[in-house]
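This document starts with one chain, in the form predicted alone, laid out as C-alpha cells.
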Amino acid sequence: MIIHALWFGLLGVMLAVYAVLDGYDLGAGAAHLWLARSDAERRIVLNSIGPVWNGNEVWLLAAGGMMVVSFPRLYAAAFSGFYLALVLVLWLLILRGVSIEFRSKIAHELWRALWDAGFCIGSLLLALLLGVALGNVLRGLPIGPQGVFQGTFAIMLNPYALLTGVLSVAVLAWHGMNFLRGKTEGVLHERALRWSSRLWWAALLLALGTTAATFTLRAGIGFNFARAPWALALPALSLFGFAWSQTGSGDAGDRRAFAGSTVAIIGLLGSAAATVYPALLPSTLSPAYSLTIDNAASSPHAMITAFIANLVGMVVVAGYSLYLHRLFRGKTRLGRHAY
C-alpha cells in the first residue's frame, strides 16, 4: 500500500533531520576536548550548541515513538533486539545533558574537566552506537519467523557494523567542525577550519570504503538501484555534498562547508534507505523472515490518521527549530551564561 511507503519515507526524513541537527552537536562534543584547549574556548563550544541541543534530540524520540503506530512489529523487534544498545544510548544522552548543565555549577578545574570528559565521551560513543545500529540494519539481523530477534548484543559488534560506526563518528565530527566554523572566531575558528579539512578526508574515504563493503556484503544488495535508477541520485547527492563543502572561502566558505556536510549526510542516509527498501529490518536467517513495510505495518486507518497527525506535529517542531536557530545565529561570544 502507498501509505506504507509514505511512512517509510516519513520515518527516513525524521531520522535524517535528527542526524543533521543533533549530528553537529554530537560532532562538536566528540571533538571539543582537542579542539578547545582552554576553559573559555570550551565554554564557547558549549554556548554554540547550548540553546538548541536538547531540541535537536526531539526528532529521534519522535521517530521512535512513531514506530509504535506505524510499524509495531518493527518497534517490538528493534527495541527487544537492540535493548542493551538502546539502554546505552539512553544513558549516553543523559550523560551529555548532565555534563552540559552541571559543568559550570562549581568553578573548579577538576570539576569542569570531569564534565568536559563526560560530554566528549558521551558524544563520541553515541555517534558510534548510532552508526553501529545503522550498519546492522544494512547487514541484517537474525530475525526469526515470528519477527523475534534471535541473537545477542555481541552479534551487533561485527566488523561491518563497527565500520559504519567509525564512519558515523568521522562524518558527524566533520559536520560538527563545519558548524563551529560558522560559530567561532580567531584561533578557535582557525583550529576548527584545520580539523574540518582533516575530517573531510577521513569521512570521504570511510564513506567510499563503507559503500564498497556494503555492495560486497550480500549478493543482490544493489538490486533497488538497478530496478529504480533514479535512486542513484542519492549517492550522487552525497558526493555533491562532499564537493560543495570545499568551495568558497571566508564566511561563505564556512556556510558552504556546513551546507555541504548536511547534504552529504542526507545523501548517505538516503542511500542506506534505498539499499534496504522495502525491508525495515532484513533477516540474515531467511529473506522470508525480514520485517518489511507490508508485514510490519499497522492497520491502514491507524497509519493514515497517525500520518496526518505526525505531519502537523513535524511542521510545528520544524518551525520552532528554524526560529530557534535563526534567533541564535551568528558568532558565539562569551557573556553572562551558565555554561
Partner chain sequence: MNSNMVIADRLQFAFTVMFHYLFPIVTMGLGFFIAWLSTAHLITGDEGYARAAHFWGKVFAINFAVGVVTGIPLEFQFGTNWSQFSSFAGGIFGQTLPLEGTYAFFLESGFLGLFLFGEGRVPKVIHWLGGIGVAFGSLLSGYFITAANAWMQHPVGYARDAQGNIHLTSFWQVMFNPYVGWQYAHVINGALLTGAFLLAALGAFYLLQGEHQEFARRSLALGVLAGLVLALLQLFPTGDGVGRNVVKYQPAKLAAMEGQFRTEPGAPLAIIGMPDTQQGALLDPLYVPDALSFLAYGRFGARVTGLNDIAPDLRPPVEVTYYAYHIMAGLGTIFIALMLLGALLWWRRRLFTSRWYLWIMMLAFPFPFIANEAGWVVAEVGRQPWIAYGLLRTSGGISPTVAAGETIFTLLGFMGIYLLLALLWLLLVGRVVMQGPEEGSAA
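Residue numbers count along the first chain shown, from 1. Here the structure is a predicted model, which is why all the values come from computation and not from measurement.
Missing here is the form predicted together with the partner chain; even so, the following discussion is about that form.
Within 4.5 Å of any heavy atom of the partner chain in the model of the complex lies no heavy atom of L33. Although the partner is absent here, S104 lies within 4.5 Å of the partner chain in the model of the complex, judged by heavy atoms.
Interface membership of Y160, defined by any non-hydrogen atom within 4.5 Å of the partner chain in the model of the complex, is ruled out. W59 belongs to the set of residues with a heavy atom inside 4.5 Å of the partner chain in the model of the complex. Proximity to the partner chain in the model of the complex holds for none of L128, F225 and A236, with the criterion being a heavy atom within 4.5 Å. The contact residue chosen from G209, G144, G248, P72 relative to the partner chain in the model of the complex is P72, the criterion being a non-hydrogen atom within 4.5 angstroms. Figure note: of the listed segments 40-48, 23-31, 286-294, 273-281, the one touching the partner chain in the model of the complex, with heavy atoms no more than 4.5 Å away, is 40-48. The partner is not shown here, but in the model of the complex the stretch 307-332 reaches within 4.5 angstroms of the partner chain through a heavy atom at A309, N310, V312, G313, M314, V317, Y320, Y323, L324, L327, F328, R329.
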